[in-house]
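Shown here is one chain on its own, the form predicted on its own, set out as structure tokens.
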Amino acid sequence: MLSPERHGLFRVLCLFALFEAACLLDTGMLFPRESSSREVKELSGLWSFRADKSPDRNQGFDKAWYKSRLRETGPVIDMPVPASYNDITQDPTLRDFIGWVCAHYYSIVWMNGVKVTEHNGGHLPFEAEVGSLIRKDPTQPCRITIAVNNTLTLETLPPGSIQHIDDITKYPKGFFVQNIYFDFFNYAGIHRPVLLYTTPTAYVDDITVVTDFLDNTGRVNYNVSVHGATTATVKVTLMDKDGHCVASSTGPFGVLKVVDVNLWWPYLMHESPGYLYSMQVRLMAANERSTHEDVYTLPVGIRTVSVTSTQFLINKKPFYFHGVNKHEDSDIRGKGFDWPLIVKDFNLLKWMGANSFRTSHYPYAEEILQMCDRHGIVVIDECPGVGIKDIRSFRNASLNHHLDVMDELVRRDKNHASVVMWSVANEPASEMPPAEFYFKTLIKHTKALDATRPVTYVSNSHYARDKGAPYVDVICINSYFSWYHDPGHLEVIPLQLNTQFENWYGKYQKPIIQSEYGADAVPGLHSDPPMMFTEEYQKVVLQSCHDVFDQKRKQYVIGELIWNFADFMTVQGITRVVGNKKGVFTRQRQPKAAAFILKERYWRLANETGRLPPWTKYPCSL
């Protein structure tokens, strides 16, 4: 459990930690922004922390730790928020701890000992109204306590299972292990900032924008949801980057028409990528006692996305994904939100000429998507549906939770211009009989939530007879030829990769993204001829794949995303030496030889379009 001491000056608690939404789905989840009517207070810093190490992990509830200051319940330690707790201390039992502490996947929140909300899930924000508790005695400090559980079951996303081993001749009493079906470390903690924010009694609860353009005129279709008032006056003003009004309207819904529109373009596709307008929504509501005003400003990028059988189109022009897969992962912080790391990663992305990434394998912090909006980095937004391998994870309870997660993901990210596609899962056991109904339902539901973006999920190339593929708009394929299959045999890559593409396109007639490919490389390990785990081997794997991509991108392959941007931590095991080494950068963000191969390739791909001014022919930074 974690608990800070703060004075209660604010009305609404918003937890931007590694959680999902706790409020009802008919309410909005606008990113907290300050304005003339709103105030935001960040509660990041050192919190008191205590793990419940009792055998049944239930002592904290039995003794109601949340009813008093945490340090009064027993020994506590300092814990930074945001951060994963796993790598902060020197305690090996805490690094691999499973049970009640702080953050995902199940969470309960109290204020001054009063339960305000609970939630099942990870990676997305939730919020709770706490104004009445703060107003109860404004002169007294307020105490926020959060208990969270990182246990994974067959019904969580991602799934997992707990295995108890009772052989006391080999294992200590109460021994159990958390089994997972994915290849990254299950970091736990409050990974995103915790915020208190205020709104007036009547306020803008949600905004939805859908953009389009015809010739040089842009269109912004908007819909504003109001909370706390049955009748209200809404004025919407769209301003350009210089603060000049370019369109305005009144009413909670309507269309803003922008003459001589500046479209939102991806990085390296236009000389002015990532152009954003500012849409100011001003709400006025009154009752017999008072008048309420609320102001909220939403960044808006005007662009379109569409798919044909062979192309991915942004603003009606072909777009080719040349980018990366990433992880929210770094030394010490784990998955904890860290601005220096984020800015460094964006500098590296732009240095290497990457125009896109996939949020493998969970939603990233919304601040990262805001960076993508501003810099024109295209995003495939993936939910935490990774590791769906057990047939029991296709049951109705799991499906219903998965549907809820997609509701929450779309609700949070629907207005980000950088988000061009939803990914509903990664490498599920799609050959199993229940998979067809599961993914048909999931994909149909996601399309109903947002008809403006295509939907995909990422398949393993072994399952060309994929039961979900008929329902997606874009086929994403992960394959590791000459690594997991035919290890050491580089000569098989051209044949097998070509066969893979021909089989998938021949059956489904849909555009294909090579969503993962690569090989582990221990930095500084070399050999000639190339051998597995050396930097030379990683280079040759990439170059062999690139030769095939160059053939197929003239037909129906619309993108290539390297696995991975940077090395990342995994569970301990005989196949991983302190993490996964498939990054083209080390975990400390230093380049391996493969990074220079990708840099040369990505800049060449960008400049082949012929649409770039001379200055973009050279790498640049933020």
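This one's a predicted model, so the numbers in the text were calculated from it and none came from an experiment. Residue numbers run from 1 along the displayed sequence.
Another form exists, predicted in complex with a small molecule; not displayed. Remarks below refer to it.
J.: Using a 4.5 Å heavy atom cut-off, indicate which stretch of 420-428, 407-415, 110-118, 309-317 touches the small molecule in the predicted complex.
T.: Among the candidates, contact is made by 420-428.
J.: If the cut-off is 4.5 angstroms on heavy atoms, which of these, W563, F585, Y556, F31, is the one near the small molecule in the predicted complex?
T.: Going through each option in turn, the one that passes is W563.
J.: From the list K63, R576, K41, R69, which entry has a heavy atom within 4.5 Å of the small molecule in the predicted complex?
T.: Of the listed residues, the single hit is R576.
J.: Using 4.5 Å between non-hydrogen atoms, is R192 touching the small molecule in the predicted complex?
T.: Although the small molecule is absent here, R192 would stay clear of it in the predicted complex, with no heavy atoms inside 4.5 Å.
J.: Look up in the predicted complex whether N460 has a non-hydrogen atom within 4.5 angstroms of the small molecule, and give yes or no.
T.: Judged by the heavy-atom cut-off of 4.5 Å, N460 is in contact with the small molecule in the predicted complex.
J.: Just to confirm, F126 within 4.5 Å of the small molecule in the predicted complex by heavy atoms?
T.: Residue-level check for F126: no, no contact with the small molecule.
J.: H322: heavy atom within 4.5 Å of the small molecule in the predicted complex?
T.: Flag for H322 set to no.
J.: Looking in the predicted complex, is the small molecule within 4.5 Å of a heavy atom from each of H361, Y484 and F568?
T.: Answer is yes for this spot.
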